[in-house]
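First, one chain by itself: the form predicted alone, in structure tokens.
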């Protein structure tokens, strides 16, 4: 090794041999980073997925780059024990973790339950209830070693039976879990139904589980960190199947009081019973202030709460001007899509979908609807923040093309295309975006009515509306959201999109370890989805939140996941 003055350090043969013991692909990835062919971000994300610890990955990246480390040390005050934290966020029904469809549900439940893996604020996935894992060369056999000494808050030991129970339940189509798409590498189609492959989840011993995949899946640990993949107790179903009534978990807090639309109250577990580091807070209350985000901010400013789940972009200037508040911001893969159900008229006609797509100026849409705080979308749901993003030629607004496509589809000035887009009242960027889209399609002769609905009403029909606007949270890899939203037959495929070429190409992408190779295949996926004009994907959002200055240790996470295990109050 060099002395660190050379910006490109050289690894020794012994270094490469040691790396290869973790996974044979890691030495090649280290060499690609050393030669400048692989970005540091992509290196960190990939080698941690292959089983290298995050600490070792960061240290290795620092050695190769010659800077000694990747992150700078920050002086911190000594954390203070005690205090009860109040946080503003909608409180939704958390009865069954397997069927969560809102991030807020996961944010309440993860105070009680833990995932096998966790995606941290740096967007790198690390083990959590899992301690480590190994993966085969073909990415089809994953062996997870579970953390020992973890206790459920009812006194039971956490073990492999808990993991096997959850996966079998998630991948039972009768459950209705979005995990059926999330873990599609463990499923097989049988007619119109999808089920788990026999032997996909194998208990090796009390603290070892092996996953035998039907198709390769690099994103398996990433998917285990998503909010519908929180691990419930192995007797969850037998004991009523309701987390509110029976809040058994391995997490840092105990649920003391809960009311949908009002509050969720927690106290920390006895440190002797909790597997993680001791929690600084005595307790936590999540308070529901409704759908009006100005009410959230008013509660923060007045001191009713010390932090917010989310700060909408319209209110960012208020926080910037308040010296007693902190502003948090991160660039993400969060977005919203105006999606067309391809099985419902008139959107079953691709000419109609392409005509609407041709009316959109994505840069103006970002500027008008979201104050320019993000990146224009490209109608394929893969973000520039994703490591496998492939840059396609930019879409351009073309009203002449739109009118020509509409005429071919049978729509004229005397018989205009008249459609309605459903969306929620709050947050305001969603109806604002729909209003701008409706204005943009007018010059082509399209009438688009905007039906703004209360959240509860809209989310009861979000998968059935012929044309609807849906917000989608961040996922670390682009292949993940494509698996969830556009693969044939999966529960969250709200557009009812079905394209065998897309599915097969997605399988190929999930099986590619090399980021450059995966990027090329992702280009094919982006072209297919964009060409089929399934969605108008306006932009990728920067997201914000805020807290009081006396809140320490809080970090904003790209998917807005709330963890309070390191938070303390001065």
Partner chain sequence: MIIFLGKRFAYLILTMLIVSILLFLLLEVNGQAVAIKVLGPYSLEEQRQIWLERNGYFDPIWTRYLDWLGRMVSGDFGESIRFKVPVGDVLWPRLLNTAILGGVVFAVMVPLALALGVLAGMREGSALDRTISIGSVITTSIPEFASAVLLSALFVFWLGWLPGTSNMMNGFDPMQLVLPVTVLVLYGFGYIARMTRASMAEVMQTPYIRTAVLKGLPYKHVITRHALRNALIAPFTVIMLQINWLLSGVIVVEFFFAYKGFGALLLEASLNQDIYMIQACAMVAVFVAVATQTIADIGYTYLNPRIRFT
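Residue numbers count along the first chain shown, from 1. Owing to the predicted nature of the structure, the values given are computational and were not obtained by experimental measurement.
What comes next is about the form predicted together with its partner chain, which is not displayed.
Residues 292, 298 and 301 are all found to lie within 4.5 Å of its partner chain in the predicted complex, as judged by heavy atom distances. The single contact residue among 159, 488, 86, 420, judged by any heavy atom lying within 4.5 Å of its partner chain in the predicted complex, is 86. When its partner chain is considered in the predicted complex, only one residue from 472, 275, 328, 459 comes within 4.5 Å through any heavy atom, namely 459. Remark: residue 438 does not count among the residues lining its partner chain in the predicted complex, judged by a heavy atom distance of 4.5 Å or less. In the predicted complex, its partner chain lies within 4.5 Å of some heavy atom of residue 454. Using a 4.5 angstroms limit between non-hydrogen atoms, residue 254 is distant from its partner chain in the predicted complex. Interface membership of residue 500, defined by any non-hydrogen atom within 4.5 Å of its partner chain in the predicted complex, is ruled out. You can rule out all but one of 212-220, 430-438, 168-176, 409-417: in the predicted complex, only 168-176 has residues with a heavy atom within 4.5 Å of its partner chain.
Residues are counted as partner-facing when one of their heavy atoms sits within 4.5 Å of its partner chain in the predicted complex; in 236-263 these are 260, 261, 262, in sequence order.
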